[in-house]
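Only one chain is given next, in structure tokens, and it is the form predicted alone.
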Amino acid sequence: MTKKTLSFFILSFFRFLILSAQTISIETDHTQLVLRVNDGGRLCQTYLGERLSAQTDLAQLAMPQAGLSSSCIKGLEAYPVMGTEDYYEPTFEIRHADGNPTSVLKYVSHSQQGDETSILLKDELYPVEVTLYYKVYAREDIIQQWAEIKHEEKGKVYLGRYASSMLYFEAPRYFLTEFASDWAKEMQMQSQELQFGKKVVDSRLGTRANLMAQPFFEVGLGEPVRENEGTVLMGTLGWTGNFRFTFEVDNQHVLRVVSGINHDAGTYLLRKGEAFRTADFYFTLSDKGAGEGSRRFQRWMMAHQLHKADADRMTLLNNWENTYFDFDEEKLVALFGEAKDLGVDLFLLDDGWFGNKYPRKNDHAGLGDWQVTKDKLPQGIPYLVKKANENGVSFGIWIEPEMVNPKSELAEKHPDWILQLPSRETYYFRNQLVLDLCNPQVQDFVFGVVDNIMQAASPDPSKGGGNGEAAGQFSPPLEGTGEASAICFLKWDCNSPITNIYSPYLKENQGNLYVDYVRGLYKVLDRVQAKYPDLYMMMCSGGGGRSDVKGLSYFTEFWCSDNTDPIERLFIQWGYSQFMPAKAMCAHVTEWNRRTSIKFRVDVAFQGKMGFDIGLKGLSDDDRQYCREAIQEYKRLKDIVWSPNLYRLVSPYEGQHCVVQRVNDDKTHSIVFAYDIHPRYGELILPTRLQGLDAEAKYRVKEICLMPGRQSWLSCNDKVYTGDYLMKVGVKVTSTNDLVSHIIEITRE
């Protein structure tokens, strides 16, 4: 053996000793993820579960042999690559410039600073590196994961897969709860047992990404997901676009959960030196059922993610179901008076206010031409703002800036700005197409739509607006001026998925389209948020087609569904409450399902961010009075209504009743929402046990929001009980009555 060979052997031996000793622990208050480098230099998961005691020797967690990364649950590879010895769903796929279709990623180093851990992995043969990131939100028990991918190769390198996370579990059985969707059927909870093989939940729709499936999941480990018992994994992806969750049970009955951006039709050309950042994956592992997991996610959203989470929210009156496209100044001013009479904070002008050459009379024309229709609104938006303010309400407006109708001036002038297949017949979804947000010029245009509207309605519109081409009537932008606008609310809609999957801007790199579109959208939203930090915005997409946690870092709220039938809303809101805070969930009172009383409709909307889309003239005097009084009660109690301390007591999926409770942090105040849907005749009604109260305290139970002249017939009304009694014995808040609702205030004496 030569000296050179001996030196290499010695260095390799010591490197093996150093690397194989590396153990990385990532911890929240109650959860722990342990990673360790195996004897082949590969990073493996050795533990994910309830937090271990400080005295536990993490080195005792079993490790696989070198090169056998799939041999044991206590050591599976943290970021497996397509083409290596792991035969199951990978997280990463790469094609190098020389055509080699894989990489072997080995541990190099890691850093733990504060709540963030980064782990650098490299390919020893190619200049490719992947950095895995883990950020913990200790108090909320949420772990955030993402990866950054870089290379320094000469030539074209393509990424075929770029997941955010791989997690492994070992349990006797696995049960998945997913959230199926369609228009007016959002967040429908469905459960199934996971057997050997794959179950994929994904979206390929690009913009209206959540139309058919929602980016949330729950997995019961050992038993089906339950509300208050059992171990449940709950996860979601922070990405306003295509997503993919893969649940795979392998030959050793290990569950592998892969989460990230959907790679279908998304082979990404990664340029030399460019960093590809995957989407953020967030998860919690609750040992107290989905209820505790929901409270964790809602606390996390309120503390770290939701835009303007600490700020108030405005009740509103929308004109859409009042007028649809058929309105003028006189009709709108009359509705301002109705908004004042109702007592809401804001009037929202919906679709139909723009376009001149192609006026917006229906959904066939006008999108893209964001000038006020002169025949319909001759005095413009400033006049409407002024008249709304005179009635004591703020003013908001609807936009759909990512979309264009073929029948528009914008489409005539800039066909190169539209996602559209060349030399093919164009498919139109809802008579519209999607603008190419991969293109920086289009990003400027979309920002200009917002900027022009805001500036046109500002106290001094002579100072001009955003991109002059966007609306065709304003001077160049004054970005960064911080000027206040008279418009305080935008409803940002997005009604079409990407149907003609070709970007004129990207040319040969069409695999980048879906990812670069979302990044372009975020660039626009970053600019909007920087210039108009006080602006409230609703995220809407033909109903709940956008409802992700990343989007809500830009938007103050989201539209759950176009379906406002209060019975259907009980199911939709139940589903969204698994992850989303009530403060962000828009819930409107409309004419849907007139078999239900106005009280029932209002009481369902009371659970979220309340709004109205209903004509007051069609209501009886008692109904109008109830709405006014309910709004005042809502404003008094909204801090409790929006509390993340949510307890789902009776599920509409399990019978003909629904009961939900919210409790404030110091347990002095609680609200119970109880709904009888269609109970059976003579059905046995049992007391409902409350949760989250102080067992030693005394509480007064009082029904509120009663119809004018009515008294409560609840046997518990205006009585005092201990918290212990309310949680162990309970009180009857449901009945055998059809379509009856109760809002009950619980106050510590």
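Throughout, we count residues from 1 along the sequence that is shown. All of these numbers come straight from a predicted model, not from anything done at the bench.
Although it is not shown, the form predicted together with a small molecule is what the next lines describe.
K.L.:
I need the one stretch from 556-564, 233-241, 638-646, 443-451 whose residues put non-hydrogen atoms within 4.5 angstroms of the small molecule in the predicted bound form.
P.N.:
Answer to the contact question: 556-564.
K.L.:
Which of 253, 308, 430, 198 has a heavy atom within 4.5 Å of the small molecule in the predicted bound form?
P.N.:
Only one option qualifies, and that one is 430.
K.L.:
Of the options 202, 351, 516, 633, which one has a non-hydrogen atom that comes within 4.5 Å of the small molecule in the predicted bound form?
P.N.:
Flagged contact: 351.
K.L.:
Is residue 218 close enough to touch the small molecule in the predicted bound form, meaning at least one heavy atom pair within 4.5 Å?
P.N.:
It does not: once the small molecule is placed as it appears in the predicted bound form, residue 218 has no heavy atom within 4.5 Å of it.
K.L.:
Answer with yes or no whether residue 266 is in contact with the small molecule in the predicted bound form, where contact means some heavy atom within 4.5 Å.
P.N.:
Taking the distances in the predicted bound form, the answer for residue 266 is no, it never comes within 4.5 Å of the small molecule.
K.L.:
Please check if residue 511 has a heavy atom lying within 4.5 Å of any heavy atom of the small molecule in the predicted bound form.
P.N.:
Although the small molecule is absent here, residue 511 would stay clear of it in the predicted bound form, with no heavy atoms inside 4.5 Å.
K.L.:
Does any part of residue 402 reach within 4.5 Å of the small molecule in the predicted bound form? Heavy atoms only, please.
P.N.:
Heavy-atom contact with the small molecule at 4.5 Å: absent for residue 402.
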